[in-house]
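Shown next as structure tokens: one chain only, the form predicted on its own.
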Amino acid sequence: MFTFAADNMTTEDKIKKTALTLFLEKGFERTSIREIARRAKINIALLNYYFRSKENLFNSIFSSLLGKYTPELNSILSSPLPLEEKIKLYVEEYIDILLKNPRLTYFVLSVLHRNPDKITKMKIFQSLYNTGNFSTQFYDEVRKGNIKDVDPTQFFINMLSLITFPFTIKQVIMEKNKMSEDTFKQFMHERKQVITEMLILTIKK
């Protein structure tokens, strides 16, 4: 998830990478500051110097992960592009992000499962799913008679589900279909077109 060259990894990077691994393995609540420090091979005082608390450490990791990609996805939703082109670009970009960061989906889901209030109140998360412009454009297209009268919220959730669900059952897909890592990546690249065509069919008159 964090891709740092070993020679260039700072102490802060090392702590975040170690904490992310433990959060994914054990969950946020069951991971202690002491364990993070031990696994990162530093003392607790140094960890506290950088992050003050486990909560701050979590927020820093989550913001690092999503903060890099939120502007890219939001710029697509907020762009003046035609609706169909916007859908296509959003699907492609989101899949590319998850292919580069395969543990991102697991991390978000694990936190949502254990403490949904923690993640949904974070500004970075709210920004990621800020769909105001997209919904306005959707309603305009419905009003003009260009697409079916489909609820944009339902559509957006369908789009997110089609993009993210294969990553949550990645190991099942790979095992059942005897896929290698490279084959799965190719499969997801092919799904870009499958998902886009499926979504557009649901709104075309």
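We call the rigid core the largest set of C-alpha positions that still match within 1.5 Å between the two forms. Don't overthink the numbering: it's just position in the shown sequence, from 1. Note that this is a predicted model, so its numbers are computed, not measured.
This protein has a second form, the form predicted in complex with the DNA, left out of what is shown; the following refers to that one.
- Proximity of K170 to the DNA in the model of the complex falls outside the 4.5 Å heavy atom cutoff.
- In the model of the complex, the DNA sits beyond 4.5 Å of every heavy atom of Q154.
- Contact annotation: T31 falls within 4.5 Å of the DNA in the model of the complex, judged by heavy atom distances.
- The DNA in the model of the complex is not approached by L160, whose heavy atoms all lie more than 4.5 angstroms from it.
- Taking a 4.5 Å heavy atom cutoff to the DNA in the model of the complex, the contact residue among T136, S180, S53, N177 is S53.
- Scanning N146, T164, S63, N48 against the DNA in the model of the complex with a 4.5 Å heavy atom cut-off leaves one residue, N48.
- The Cα shift for S180 between the shown form and the other one, taken after rigid core superposition, is smaller than 2 angstroms.
- Superposition on the rigid core between the shown form and the other one places the CA atom of V142 less than 2 Å from its counterpart.
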